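This document opens with one chain alone, in structure tokens, the form predicted on its own.
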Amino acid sequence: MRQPVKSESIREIVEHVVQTTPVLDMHTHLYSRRFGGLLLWGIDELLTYHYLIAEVLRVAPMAPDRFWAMGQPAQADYVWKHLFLERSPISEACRGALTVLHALGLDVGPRDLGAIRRHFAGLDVDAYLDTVFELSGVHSVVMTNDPFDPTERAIWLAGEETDPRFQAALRIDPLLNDWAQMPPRLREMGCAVSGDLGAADLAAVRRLLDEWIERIEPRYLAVSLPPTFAFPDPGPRGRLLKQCVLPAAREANIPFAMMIGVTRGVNPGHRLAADGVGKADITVLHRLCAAYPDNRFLVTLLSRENQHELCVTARKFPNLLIFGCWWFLNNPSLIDEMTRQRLELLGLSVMPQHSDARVLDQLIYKWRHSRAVLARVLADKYVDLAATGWQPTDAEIRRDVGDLLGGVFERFCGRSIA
């Protein structure tokens, strides 16, 4: 007969397994070395992350035009002064920057930004990539790749090999969210469209998607959508989805990822920090998943108020996989709440987190912080399970954690929906 395992032992085992299991980070805004200046890293990038810009312009208001005119080092100085020196840096974004510095062995006690800058100035970026992957426990990341951006497109067309730790995702936001501006851009890409979205335009867009899927071999197609997203939709977005995007994803046997709930530019002067959040209509997912059972949908929603409905919807549609605590939800208290809710309603058939990292260094803090929450939540669930007489084994815990940190995503991306 199996001997009962003490709660303390379960918690120790879960903590160790969660902390040591390599992660497949299924959604980031990172780039490999091949992409040159698109790869962001270092202390000034950390301090001018748009989360911190929104925070500093709240507590130390400045005309946005004046702030942007300062240049990045001066912006970083401004953030350091007002968020780290003149008040304790207790927000998640501030704490995250400090977690990175601490993990790198830097002493933040003196509050000496100059010394921190000198450390980063002496780093070799290729070696630093290895350091960040090691310290974060991440074995690979999925990028966000936009072929409609001329700079990025030129790099892909050059055909150079890339770092295998960086996998592609084909992002199509401009196509679905701003069709009126797209015809000239598409024609620059050799895609002959008139702009009327008739049969010829739809066929040309479909060919373009097929070409880029073949070129970059994305893990999924992806789009960020407003809370007003509706389907069916007689407008350009609905027609492009129905005639181009969903057929292309289905035939390529890759999922379509929808990130729903962002309200763009609520304070335009803040630029990348300008966006807000809105509650989405979950019934749009009911209609999509039911109408396209042969498509697979990766879904994350930005509004906390949508999370319970999203879990219930996922219970009904095996072709829907929930992923991550996106953007404004990527805070420990909300990650804890959402992870518990998802495990209680969906068991282990979720991807509880992705980093959404935009700066390379953020892999360290986003995964250190998220692993701590995941370990705590999972330990509670295994202790509850043990109380019923079902004692989890080390091997079972390792299997489950491996699934939550990448295995579920891999199987979802690779399977066919019966």
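Residue numbers run from 1 along the displayed sequence. These figures come from a predicted structure and were not determined experimentally.
Separately, the form predicted together with D-arabinohydroxamic acid exists; it is not shown, and the next lines address it.
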Practice problem: Heavy atom within 4.5 Å of D-arabinohydroxamic acid in the model of the complex: which of Tyr382, Trp367, Tyr31, Tyr49 fits that? Just give me the one. | Solution: Tyr49
Quiz item: Ok, Arg342, Arg219, Arg171, Arg296: which has a heavy atom sitting within 4.5 Å of D-arabinohydroxamic acid in the model of the complex?
Solution: Arg171
Exercise. Select, from the options 369-377, 353-361, 61-69, 35-43, the stretch whose residues sit within 4.5 angstroms of D-arabinohydroxamic acid in the model of the complex by heavy atom distance.
Key: 353-361
Quiz item: Going by a heavy atom distance of 4.5 Å, is Leu285 a contact of D-arabinohydroxamic acid in the model of the complex?
Solution: no
Quiz item: Is Trp326 one of the residues lying within 4.5 Å of D-arabinohydroxamic acid in the model of the complex, judged by heavy atom distances?
Solution: yes
Exercise. Flag Asn306 as yes or no: does it have a non-hydrogen atom within 4.5 angstroms of any non-hydrogen atom of D-arabinohydroxamic acid in the model of the complex?
Key: no
Exercise. Look up in the model of the complex whether Met259 has a non-hydrogen atom within 4.5 angstroms of D-arabinohydroxamic acid, and give yes or no.
Key: yes
Quiz item: Is any part of 210-229 within 4.5 angstroms of D-arabinohydroxamic acid in the model of the complex by a non-hydrogen atom, and which residues would that be?
Solution: Ser224
